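As a starting point, one isolated chain is supplied in structure tokens, in the form predicted alone.
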Amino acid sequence: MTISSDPKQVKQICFDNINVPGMNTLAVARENGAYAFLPTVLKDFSSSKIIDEMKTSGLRGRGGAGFPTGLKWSFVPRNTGKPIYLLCNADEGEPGTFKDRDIMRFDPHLLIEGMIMAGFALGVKDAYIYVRGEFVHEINVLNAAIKEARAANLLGENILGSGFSMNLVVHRGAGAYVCGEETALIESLEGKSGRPRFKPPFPAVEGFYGCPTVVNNVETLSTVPAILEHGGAWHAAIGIPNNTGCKIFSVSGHVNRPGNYEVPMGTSMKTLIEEYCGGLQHGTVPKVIIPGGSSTPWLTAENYNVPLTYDDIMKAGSFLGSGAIIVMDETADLVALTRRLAHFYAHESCGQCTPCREGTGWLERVITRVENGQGTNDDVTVLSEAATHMAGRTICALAEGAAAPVLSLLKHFPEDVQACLGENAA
């Protein structure tokens, strides 16, 4: 890769070559360093060395939970007699998130190389990229890149004469939000309805077809080549302790320059919004910041300068999640925003868990009544109680995601709700 070996100079990892014309083709990708270090990995690195480098790097999963990647890989049992699978979660269905899509369509070979290295470390023979169904163009780009890689003996049998073989297949999902959850993704990949499984057992032990399985997202796997080429300590020196490396943030809403921005972890929210995104469209500070996609609790102006780390965002009362930052200025209609999100989650609930199946519908109906000026204080009580009782009582976190906007609205902006009630507030 072309990234500097000096970690102090590194500002981007996954997006280092994102603007190079033709990076979706193997020829241009190789001109810019793609696959250059792969022969060294296949020849000189052992499985344990790769996993140790990943642990040293401090890389935390970029899909939402932020679990240490190297530790996750180390959980996979060996010598069970079962095949080990590697699944790339490219569903990217969280509202506000659009970073993985750019990697897939502009630099697909970076993801493929990362998957080959991860597959080599784990002893994988068959790997899959599970892509959100609406990403038709990205699926075509990935398939073309995989075809080129296979023709160059970068995939398939006996890769580069190393004795390691791995197949890579793109699987198109059907557009269900819940399939972004790893066990629902596995169910869907097996040909079943995309519904989450109980955990434990966790996928690392019993995942795809009951076999040991690692599920990582696009950004996580795309970071692997740089870590192995430059070393885990190099990556750990970027960002801050326990929040190392760079992170791509998808910024949307009331900013002058919405888009994807890759910055070192620990960069402040204010710096990202004002220096990278050109500031707010109206006013000087945001009214609401949703830091990790629509399913995360809202932050307010008092959190404007919070460092963008998993730990600091959690201390502020929310989650970094997928890094989808939705910014709302003083012009935002927060009741309408909440109603729209409630509709989304009611539509996307898989219906497996009663609190989610029934609760999401309740939230949508009641908040719609409030927005239309037909609500009462009793409705506000119902919203609070229903949202509170949904969280933590389901197999996956969709119910908590549906509750987050409602509880955030009631907590931070009760006056906006009361304004909609009007004379019914008495």
Partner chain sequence: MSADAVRFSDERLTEIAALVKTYPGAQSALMPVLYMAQEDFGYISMEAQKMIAQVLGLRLMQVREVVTFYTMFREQPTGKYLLEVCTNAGCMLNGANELVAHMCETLGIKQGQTTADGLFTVTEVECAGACGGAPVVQVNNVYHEKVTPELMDSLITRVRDGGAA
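Please read all numbers here as calculations on a predicted model, not as lab measurements. Numbering follows the first chain given and starts at 1.
The next section is about a form of this same protein that is not shown, the form predicted in complex with its partner chain.
Although its partner chain is omitted here, in the predicted complex all of M328, A332 and R340 have a heavy atom within 4.5 Å of it.
Comparing 229 to 237, 164 to 172, 215 to 223, 115 to 123 against its partner chain in the predicted complex, the single stretch with non-hydrogen atoms within 4.5 angstroms of it is 164 to 172.
Although the partner is absent here, F202 is not a contact residue: none of its heavy atoms lies within 4.5 angstroms of its partner chain in the predicted complex. With a 4.5 Å cutoff on heavy atoms, N242 does not count as touching its partner chain in the predicted complex; it lies far away. At the 4.5 Å threshold, heavy atoms of G259 reach its partner chain in the predicted complex.
Contact between T267 and its partner chain in the predicted complex is not found at the 4.5 Å heavy atom cutoff. For the residues I146, L308, I84, A176, the 4.5 Å heavy atom test against its partner chain in the predicted complex is passed only by A176.
Scanning N153, S74, S193, T300 against its partner chain in the predicted complex with a 4.5 Å heavy atom cut-off leaves one residue, S193. Residues H347, E348, C350 are the ones in 345 to 365 with at least one heavy atom within 4.5 Å of its partner chain in the predicted complex, listed in sequence order.
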